[in-house]
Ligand SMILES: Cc1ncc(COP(=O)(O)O)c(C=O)c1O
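Form predicted alone, single chain, as structure tokens, below.
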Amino acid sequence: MADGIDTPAFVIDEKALRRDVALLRKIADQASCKLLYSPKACSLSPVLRGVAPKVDGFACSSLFELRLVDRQFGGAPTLHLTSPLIEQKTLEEFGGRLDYLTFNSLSQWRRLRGAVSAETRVGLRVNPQLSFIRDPRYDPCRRNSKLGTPIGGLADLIESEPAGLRGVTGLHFHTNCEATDFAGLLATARHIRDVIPKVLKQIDWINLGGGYLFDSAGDYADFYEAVAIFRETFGLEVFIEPGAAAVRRCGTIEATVHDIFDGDDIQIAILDTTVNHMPEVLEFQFEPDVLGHVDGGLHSYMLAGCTCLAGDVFGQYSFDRALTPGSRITFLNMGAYTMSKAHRFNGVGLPAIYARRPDGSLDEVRTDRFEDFAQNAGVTDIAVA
């Protein structure tokens, strides 16, 4: 819990961040692969600074992410770009600053390859056409997926036109989402090995993507074997690009109870935060972890957000001590996909951002203000009555 701060607040624990990034670094070194950080999970400055010393580069997904990392570090880190949308202006702006560029489709590559700098290593995203996620909204390998060239088409191309991939030096794939074991990754590696061995023999590198919660996995044997398939069998440089695994546990969202009243069969506690500050709670329909929750606790509440959205509800929680207006609620494991997705529905401001330094002190990073909300709405001159 972070005392003495205004809520709602997003708190980055730098010690926890360092711990989890160090774990990823250790695993990557054990597998002899390169470690990237995907800033789409959380692109706040303290996070970027915290992961930079331990990673081999940044796996960006947009022009703004590229600019942000470039500005933060002054051109120092290795930059990778993978996106369904790659525009000519992006290639013109970054030129040789892009170390690795992965095109999403063969047509995208054929259209833009002439604009790529000679210093940039070009890759192609492949859709292995293996699904491990039940919810199609988060399945990059769903039928008619927009993410990558289907592996079957790539196999046909290399057979009918062996020189058809000349200029492509690497492959990228991503098949999972918040997986806590690596069985899917190993199955994908074996599948790619068996379906397009000729492609693997003519490239130099491969990116295994993200989607795996290394911090929650207890066994890394399947991961090491998947990396070995590409590194030892084909001699490829192997990259991984975790996002959530690096930052999930380092973030909390702090909220305050402002009202408690009787519902139909449970007391409802209204907080000064909202599911719009942690949109994946609503998207995935899960109940986030809350500090102090006890199964079968003496006092039960429906924790709810402060907007007019009926579904702005976090779930049912129990505590051994009764809540009152003014009680603090701490949502755990909020480091990933909260502040990068948070929005101001109903005009509710974004959480203030704090960094908890390794010595335990708290520094304010940013506070959301009305002027930010107004500017976002296109209101730059405030009328005076």
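Here the structure is a predicted model, which means the values were calculated and not measured. Sequential numbering from 1, following the sequence displayed.
Beyond what is shown, the protein has a form predicted in complex with this ligand; the following relates to that form.
Chemist: In the predicted bound form, which of the stretches 115-123, 295-303, 242-250, 262-270 has residues with heavy atoms within 4.5 Å of this ligand?
Modeler: Contact criterion met by 242-250 only.
Chemist: Taking heavy atoms and a 4.5 Å cut-off, does H80 contact this ligand in the predicted bound form?
Modeler: No - in the predicted bound form, heavy atoms of H80 and this ligand never come within 4.5 Å of each other.
Chemist: Report whether the minimum heavy atom distance between Y337 and this ligand in the predicted bound form is within 4.5 Å.
Modeler: Y337: yes, in contact with this ligand in the predicted bound form.
Chemist: Under a 4.5 Å heavy atom criterion, is H172 part of the interface with this ligand in the predicted bound form?
Modeler: Within the cut-off, so yes.
Chemist: Even though the partner isn't displayed, in the predicted bound form is K54 close enough to this ligand, meaning a heavy atom within 4.5 Å?
Modeler: Contact with this ligand, no.
Chemist: What is the one choice in G211, P128, P288, G184 with a heavy atom within 4.5 Å of this ligand in the predicted bound form?
Modeler: Selected option: G211.
Chemist: Using the arrangement in the predicted bound form, list in sequence order the residues of 143-166 with any heavy atom within 4.5 angstroms of this ligand.
Modeler: Going through 143-166 in order - heavy atoms within 4.5 Å of this ligand in the predicted bound form - there are no hits.
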